[in-house]
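Just the one chain here, the form predicted on its own, laid out as structure tokens.
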Amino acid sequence: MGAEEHRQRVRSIIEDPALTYRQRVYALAGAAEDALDPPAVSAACALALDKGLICDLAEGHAPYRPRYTLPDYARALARGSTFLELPPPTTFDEATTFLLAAYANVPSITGYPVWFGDLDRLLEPFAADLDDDELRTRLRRFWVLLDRLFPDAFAHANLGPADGRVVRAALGVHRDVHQVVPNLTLRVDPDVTPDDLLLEAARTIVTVAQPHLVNHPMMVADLGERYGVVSCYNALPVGGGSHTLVRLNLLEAARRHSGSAERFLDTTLPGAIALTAELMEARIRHVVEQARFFESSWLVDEGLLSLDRFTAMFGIVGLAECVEHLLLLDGREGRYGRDRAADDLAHDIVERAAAIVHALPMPHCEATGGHALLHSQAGLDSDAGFTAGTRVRVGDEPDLYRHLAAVAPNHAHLPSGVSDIVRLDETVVDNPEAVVDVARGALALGMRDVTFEVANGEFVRVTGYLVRRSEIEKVAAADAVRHSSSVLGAGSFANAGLDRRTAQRVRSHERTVGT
């Protein structure tokens, strides 16, 4: 970027009436970072980045903090913090005050914390002396502050899988306040999570499209008990996180290929993955070895983050279009989600990509055995012409049962998260029990993550985060909005045609035989 181009970028930020003060400050910091040269990579890797085969997801030219951090808040509450000058809390109010102070000092790619922790587990010990009304009043106050102080829908709070007073109060409060922050995730374990708790979650889902549901046993098998779900369905180790998230556009890889689909798996795909991995390694080394984040963070000094609890995320997008392109090269036609041959090829691509990524050594990723984790990347606001992650193309979703069966086999190979979204028609509002049944079935099929939204509802699932339709309209009118994520969501809403998602009617005896 030349000096004049840089000045124009800074000027455009300063004079943008659609940005709040804080959004301008953050954008200016990004502009300053991008005035530096990015980490050095080979000419082939730089060309792949320039042509859109791979993408650094706007992490900035000089990464100086990990993309996602998941501090060990349980340890902080138990020991207090020298940096924050706060002793261990002894009451519910002291605990929520402590957490708010900690969140304000946690770095991430968004400028806001991406993880508020396992809030039911953190707060349950402090709720014993409160009756139900007092608990709900205090929790509601805390909930409102989370949204007003950290207005970014990438900030997740985790709940479950066990039952408790705080998890039930949280689900009730979340239905009442109608906020996109915190973005809720509920861990579900068929042997631990009772049906009536899942039904309580379903009532919240049909009201505000949250919580997102996670297959807890599957996550534990891959990441251990100490994991959290942050940002866009990103599952990562607690006490650590992810240095970076770089993605590979599978459609662009397919366009560079000639020959059979089998040859794509053997030659083109490994080559594209190697270029992506090179960019990841360069960015990780910059964070750890050049910016030396882990030598200067209070979170590391107090044992809330540890380098050996970090990994990196290898994202993929455009699977649906990649499959169609490769089938045409083979002289066939087929659509992922609609045709068996297309589904089989999609599963082969994801499985092969996972094996290659797993075999590639990645520096400073000791939390996951020295390699990165494959991730179904949920897209950018500017994406057009290809489908996010490993989803079926928007508007081309088959019936509910076929849809879940098509995507479920991919989930085993995506340990750091996958973002398949199911839109249910409005009749489900009066039938939340159906959400419980579908969720149970989806998890039994092997889905790692299950996310629902309701057609024509106020809350729209973009990727792992949500936006309100009213804020999309404000962004479209060039009005400033409080949630920075709404600006990104408005772009995705328009470019990815999110309102064209097929609304699934939950059926029983009407199900078509053989589907």
Partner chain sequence: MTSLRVADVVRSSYVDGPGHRYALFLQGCTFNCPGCHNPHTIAPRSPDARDVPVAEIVADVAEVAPFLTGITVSGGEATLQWEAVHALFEALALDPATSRLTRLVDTNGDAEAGVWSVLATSMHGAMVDLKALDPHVHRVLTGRTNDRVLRSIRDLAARRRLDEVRLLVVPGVNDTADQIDATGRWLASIDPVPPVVAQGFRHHGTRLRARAWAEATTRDLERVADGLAAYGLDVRRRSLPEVAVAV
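Residue numbers count along the first chain shown, from 1. The structure presented is a predicted model; accordingly, all values stated were derived computationally and were not measured.
Beyond the structure shown, there is the form predicted in complex with the partner chain, which is absent from this document and is the topic of what follows.
Engineer: If the cut-off is 4.5 angstroms on heavy atoms, which of these, 290, 306, 431, 97, is the one near the partner chain in the predicted complex?
Structural biologist: Only one listed residue qualifies here, and that residue is 431.
Engineer: Which one of 341, 445, 144, 78 is close to the partner chain in the predicted complex, taking close to mean a heavy atom within 4.5 Å?
Structural biologist: Looking at the other structure, the residue within range turns out to be 445.
Engineer: Is there a heavy atom of residue 259 lying 4.5 Å or less from a heavy atom of the partner chain in the predicted complex?
Structural biologist: No, residue 259 stays farther than 4.5 Å from the partner chain in the predicted complex.
Engineer: Can you check whether residue 426 is within 4.5 Å of the partner chain in the predicted complex, heavy atom basis?
Structural biologist: It does: once the partner chain is placed as it appears in the predicted complex, residue 426 has a heavy atom within 4.5 Å of it.
Engineer: Find out whether any non-hydrogen atom of residue 441 is located within 4.5 angstroms of the partner chain in the predicted complex, and reply yes or no.
Structural biologist: Yes, residue 441 lies within 4.5 Å of the partner chain in the predicted complex.
Engineer: Answer for residue 400 alone: is it within 4.5 Å of the partner chain in the predicted complex, judged on heavy atom distances?
Structural biologist: Taking the distances in the predicted complex, the answer for residue 400 is yes, it comes within 4.5 Å of the partner chain.
Engineer: Taking the partner as it appears in the predicted complex, which of 298-306, 417-425, 232-240, 261-269 has residues with heavy atoms within 4.5 Å of the partner chain?
Structural biologist: One stretch meets the cut-off, namely 417-425.
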